[in-house]
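First comes one chain, alone, set out as structure tokens in the form predicted on its own.
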Amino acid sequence: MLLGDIVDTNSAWLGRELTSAGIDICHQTTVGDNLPRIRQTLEQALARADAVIVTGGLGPTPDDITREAIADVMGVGLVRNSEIERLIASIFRSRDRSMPESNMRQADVPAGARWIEQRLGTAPGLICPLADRVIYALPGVPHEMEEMFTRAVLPDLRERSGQTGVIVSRVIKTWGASESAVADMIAERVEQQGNPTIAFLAGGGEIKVRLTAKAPSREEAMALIADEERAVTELLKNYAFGTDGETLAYALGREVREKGIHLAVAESLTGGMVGSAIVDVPGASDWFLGSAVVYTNHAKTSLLGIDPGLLETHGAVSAECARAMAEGARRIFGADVALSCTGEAGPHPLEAEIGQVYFAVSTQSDTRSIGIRLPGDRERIRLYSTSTLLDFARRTIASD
């Protein structure tokens, strides 16, 4: 994890779960498999928090030393638990596998600690009290950690803290405006913020506005957020396309469904990414007819029926080509609306400057196109092209 080979998804998941439960998080730390460093990290964590959650290091191999580090911090030894021994042995028998002796290390528990039954793997968890503080040790395997946290750790945390309030967040997602532009649009709401609070998040080209409310119950917190969400969304106008996990493809699908129309795509530089994003939306088969990946000029002429003379005159990276691609896709698929994109992603430009992309949306009444320069390397240009086309189509269909 410290070397960058593994991404720490556990901390992100725990952060969301703890926040939604109304439990404040003050620090997150990553430490290597080194006993003195783990012990020092635990001591520092206990000095600034009432509860510490540790994930990983509970396996059977020599580098799994979380148990030893916790026992050192508690000032106790490890005790072999016979019930855990029988449970681990039964797991191996049920899988018709021989059990290495090293797996019995997972039955070692710091004296005075309680153990949490493992239901998905072999490593049990630990609840380790230290005076008025507590350490929770959970497996590092995400699905094992998540199940154990939900079943055993969160109820124990709630009981210890006496916390009855909840914290709820809602993320409003935007596309097409810079972070500073989004901030300017809702500056008045930011200045007046209290509960809910307002924060800005940027990533993947999207600018997100996170609303966070705290209240005695989830229902009350959601009511606070609903009022603020309406006000903020109105100020963001059509830059706001969805909330939380909703994607641009989902937002496009919502518009298509409302209009009762069918849609098709023709792609060049994105090579199928637009169609893939669309089919990630549940129920897309109700309105999405298909995508033609026409990466070469031959494919553009033979599959979409584009006039070779158009390509000779204007080139494949042009507004004229994008328009012809969208019109061709609408024709061959029999769609009400068709989208297209063509451009130069690099790294070796052939027809235009790297990042020059053209998009088109063809409807039964007309065909609209736009051209923009996108930043970044080949991968980012293709990703941004996918999102830009989906958003252009969403806005076009919504305005018709």
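The term rigid core refers to the maximal set of C-alpha atoms that superpose within 1.5 Å between the two forms. Quick note: we count residues from 1 along the sequence shown, nothing fancier. Please read these numbers as outputs of a predicted model, since none were measured by experiment.
Absent from the display: the form predicted together with a further copy of the same chain. The rest refers to it.
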Let me know the one among E188, D280, E312, D307 whose heavy atoms come within 4.5 Å of a further copy of the same chain in the predicted complex, would you? D280
Counting any non-hydrogen atom inside 4.5 Å, which residue from A152, A319, V293, L78 sits next to a further copy of the same chain in the predicted complex? V293
Which among 101-109, 127-135, 78-86, 245-253 is in contact with a further copy of the same chain in the predicted complex, heavy atoms within 4.5 angstroms? 101-109
Spell out, yes or no, whether the shortest heavy atom distance between T367 and a further copy of the same chain in the predicted complex is within 4.5 Å. no
In the predicted complex, does K259 have a heavy atom within 4.5 Å of a further copy of the same chain? no
L350 near a further copy of the same chain in the predicted complex, any heavy atom under 4.5 Å? yes
How about A299: is it within 4.5 Å of a further copy of the same chain in the predicted complex, going by heavy atoms? yes
Going through 25-46, which residues have a heavy atom within 4.5 Å of a further copy of the same chain in the predicted complex? Please give them in sequence order. I25, C26, H27, Q28, T29, T30, V31, G32, R37, Q40, T41, Q44
Would you say whether S102 is displaced between this form and the one not shown, judging by a C-alpha shift of 2 Å or more on the superposed rigid core? yes
Once everything's superposed on the core, is Q364 shifted 2 Å or more at the Cα between this form and the one not shown? no
Once everything's superposed on the core, is E228 shifted 2 Å or more at the Cα between this form and the one not shown? no
